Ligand code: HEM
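In the form predicted on its own, a lone chain appears below as structure tokens.
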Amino acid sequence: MNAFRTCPTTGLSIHRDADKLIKAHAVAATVSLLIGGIAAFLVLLTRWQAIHLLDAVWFYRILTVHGMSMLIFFIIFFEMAVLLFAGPILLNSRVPAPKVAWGGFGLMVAGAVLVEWTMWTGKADVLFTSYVPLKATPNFYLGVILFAVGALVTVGIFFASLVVAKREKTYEGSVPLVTFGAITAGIIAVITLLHGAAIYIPTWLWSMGMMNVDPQIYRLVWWGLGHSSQQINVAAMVSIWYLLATLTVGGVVLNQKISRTAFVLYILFISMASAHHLLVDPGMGAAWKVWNTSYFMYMAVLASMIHGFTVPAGIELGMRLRGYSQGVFGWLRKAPWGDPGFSSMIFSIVVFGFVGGITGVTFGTEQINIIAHNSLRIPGHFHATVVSGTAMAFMGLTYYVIPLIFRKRIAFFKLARIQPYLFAIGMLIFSLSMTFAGSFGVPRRHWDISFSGAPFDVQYSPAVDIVMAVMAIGGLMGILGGAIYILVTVWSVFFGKPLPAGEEEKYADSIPQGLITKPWTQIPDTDRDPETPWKIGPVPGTAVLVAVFFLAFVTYYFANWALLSFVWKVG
């Protein structure tokens, strides 16, 4: 049997082992999302003080499940699928050592199942961070180790596929920008997972009474895993932005060198953001804290700002090249907002940048961090980045993976079209409400924000109850959007109708618009520049959006310095 099949839509040669591995990782990611989503619902109804569903024991147990299932299992399973797509698929290459690749996947599944079992049975109520001296059963740490080793194997297969593609000359010139971004994600993944091994192996031995682990050393090394695992997300997410921009509207890359340089900045500097979790720790010196969370980290911020301009600008230019050039925002009004891949991408960019990015840089500042870090402002930040940013990008890509890889039509397509709106609006309300509640001092991790039964009295502004109720409503909207995504995905993959090769035009009511119009092939010859791949023109719409972003950034940043002055009684 031929080891490759040709995609009738893109013309790519798809290796059948890559095809199957992507499907397996995507299904595992969806199952993890379902488990994490159920936990999110229970945590939300407990956080909502008017309902306060769970007792303290079950709250922390379910919060542990939510953190591990979402931030580790869902995200990394999907990222492995992205690597397999950006490597063997985009480079028309085979998967080297497919049995080893399946072995890596098996280790990831075994580790995830083991961790889930220990959490649900009450043997690992240690939260996502699992800080020493909190102690879980040894099987919890063993499960994380197995999962990390499996992920490292898959990353190794990705890098090996690049070598195979180069040797077998399955592509010409440099690797595509999407693949370059995936290489960035892969390098960060290796750094991250090695941090996990460096701390979880000693902690596993500690849990069996075989050695001691210093809590400060644990925190320092662990955050090289805990926070850096979310930096894999950033590189993968930005790569997906570039990919979806091309698939949905034929977005172009304004300057390959600048975009690739921004990815390199991620490799060099983005993991330093992990230090902001240690800013109140007495074991780390002030100079170390300032350098890690200011001067060096800003190079990673620069990289994100570059992508934050080049991706929207590429979308605008792609639309203008296709004739949508009326006014400043004519290209945006005429964009395919009914394409769930496009709307997911746009919401991912906007919420990640305007909410997650601005709050992240602000809270990562050493002085401001001290009034923000142990409040709900931090979960508000990372729900804007990981959930509204990364997860939405993954969702948008899924709407193209199902017809391209699974060769299925999108089930319940009308629901799929509204799903990004429901999820994005819900999570935006949720994130902003969390951030606002944290500004009133609502704690980040405490089961009962009223501290009932405590020997002291806690008084909040009357506005807090309203804010928390709004947060719950936004969270429920987001959970409903996530449930629709899971329904559409699972039904499409397992019960969906096949998509016959070469007949995409007949199924406009059940697949994304980009697969029908194929915008990446539709740039008129008159718009071609003989000297460069694209006729680079002005992008006034993106320039206006960037100006609004900077205004919002400056306003929020200095507002937090004003809040800090109130705490310090300065001025």
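One rule holds for the numbers: they count along the sequence shown, beginning at 1. Here the structure is a predicted model, which means the values were calculated and not measured.
What comes next is about the form predicted in complex with protoporphyrin IX containing FE (HEM), which does not appear here.
(request) Work out which of Phe263, Phe423, Tyr242, Phe140 lies within 4.5 Å of protoporphyrin IX containing FE (HEM) in the model of the complex, going by heavy atoms. (result) Contact with protoporphyrin IX containing FE (HEM) in the model of the complex is made by Phe423 alone.
(request) Scan Phe382, Phe180, Trp206, Tyr218 and let me know which has any heavy atom within 4.5 Å of protoporphyrin IX containing FE (HEM) in the model of the complex. (result) For this set of options, the contacting one is Phe382.
(request) Determine which one of 485-493, 298-306, 182-190, 67-75 lies within 4.5 Å of protoporphyrin IX containing FE (HEM) in the model of the complex, judging by heavy atom distances; exactly one does. (result) Stretch with heavy atoms near the partner: 67-75.
(request) Spell it out for me: taking protoporphyrin IX containing FE (HEM) in the model of the complex, does every residue among Ala40, Arg47 and Phe430 have a heavy atom no farther than 4.5 Å from it? (result) Verified in the model of the complex; spot residues all in contact, yes.
(request) Verify the contact flag for Leu152: yes if a non-hydrogen atom of it lies within 4.5 Å of a non-hydrogen atom of protoporphyrin IX containing FE (HEM) in the model of the complex, no if not. (result) It does not: once protoporphyrin IX containing FE (HEM) is placed as it appears in the model of the complex, Leu152 has no heavy atom within 4.5 Å of it.
(request) Mark Ile511 yes when one of its heavy atoms lies within 4.5 Å of a heavy atom of protoporphyrin IX containing FE (HEM) in the model of the complex, and no otherwise. (result) Flag for Ile511 set to no.
(message) Can you tell me if Arg444 lies within 4.5 angstroms of protoporphyrin IX containing FE (HEM) in the model of the complex, counting non-hydrogen atoms only?
(response) Yes, Arg444 is a contact residue.
(request) Answer yes if any heavy atom of Leu63 is within 4.5 Å of a heavy atom of protoporphyrin IX containing FE (HEM) in the model of the complex; otherwise answer no. (result) So Leu63 counts as contacting protoporphyrin IX containing FE (HEM).
(message) Given a 4.5 Å distance limit between heavy atoms, list every residue of 477-493 close to protoporphyrin IX containing FE (HEM) in the model of the complex, or none if there are none.
(response) Read in sequence order, the residues that approach protoporphyrin IX containing FE (HEM) (within 4.5 Å, in the model of the complex) are Gly478, Ile479.
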